[in-house]
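A lone chain, given as structure tokens: the form predicted on its own.
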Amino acid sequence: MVLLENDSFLTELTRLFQKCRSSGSVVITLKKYDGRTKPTPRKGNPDTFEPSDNKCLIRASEGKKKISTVVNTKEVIKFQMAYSNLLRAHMDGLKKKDKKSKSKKTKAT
């Protein structure tokens, strides 16, 4: 897993989307990140760790290629705008779902 800066993460994510345009998929996950690098102990004296501010960990993976970034609270608005524009630009390759007509359902019942 490669931890990137926000701007370089968005450029790498663009490359992943372009690579998977014809076939394949990109998996994106978001979770709250408190800055810990070690897991919490199960027994004994629990470590009292208080995060300084809220952060968001964003991961993207395509096959064996994995990238991630950490977004601070001060940069959330800027990152979200760039991220949403990126998603809108690359979501055009989705297949439309076939809709069943309502008349077939009424005839069956």
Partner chain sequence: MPYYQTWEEFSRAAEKLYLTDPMKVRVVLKYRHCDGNLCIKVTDNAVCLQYKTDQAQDVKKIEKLHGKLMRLMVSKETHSGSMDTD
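All values reported here derive from a predicted model rather than from experimental measurement. Positions refer to the first chain, counted from 1.
One more form of this protein should be noted, the form predicted together with the partner chain, which is absent from this view; the next part is about it.
Trainee: Quick one: does Thr11 come within 4.5 Å of the partner chain in the model of the complex, counting heavy atoms only?
Mentor: Output for Thr11 is no: heavy atoms all beyond 4.5 Å of the partner chain.
Trainee: Please determine whether Val71 contacts the partner chain in the model of the complex, using a 4.5 Å cut-off between heavy atoms.
Mentor: Within the cut-off, so yes.
Trainee: Consider Ile67 of the chain shown here, and say whether it contacts the partner chain in the model of the complex, taking contact as heavy atoms within 4.5 Å.
Mentor: Looking in the model of the complex, residue contacts with the partner chain do not include Ile67, since no heavy atom lies within 4.5 Å.
Trainee: Taking heavy atoms and a 4.5 Å cut-off, does Arg15 contact the partner chain in the model of the complex?
Mentor: Although the partner chain is absent here, Arg15 would stay clear of it in the model of the complex, with no heavy atoms inside 4.5 Å.
Trainee: Does the partner chain, in the model of the complex, lie within 4.5 angstroms of each residue among Ile58, Ser84 and Met91, using heavy atoms as the measure?
Mentor: Yes, the whole trio is in contact, each within 4.5 Å by some heavy atom.
Trainee: Would you give me the residues of 1-30 that have any heavy atom within 4.5 Å of the partner chain in the model of the complex, in order from first to last?
Mentor: Contacts from 1-30: Phe17, Cys20, Arg21, Ser22, Ser23, Gly24, Ser25, Val26, Val27, Ile28, Thr29, Leu30.
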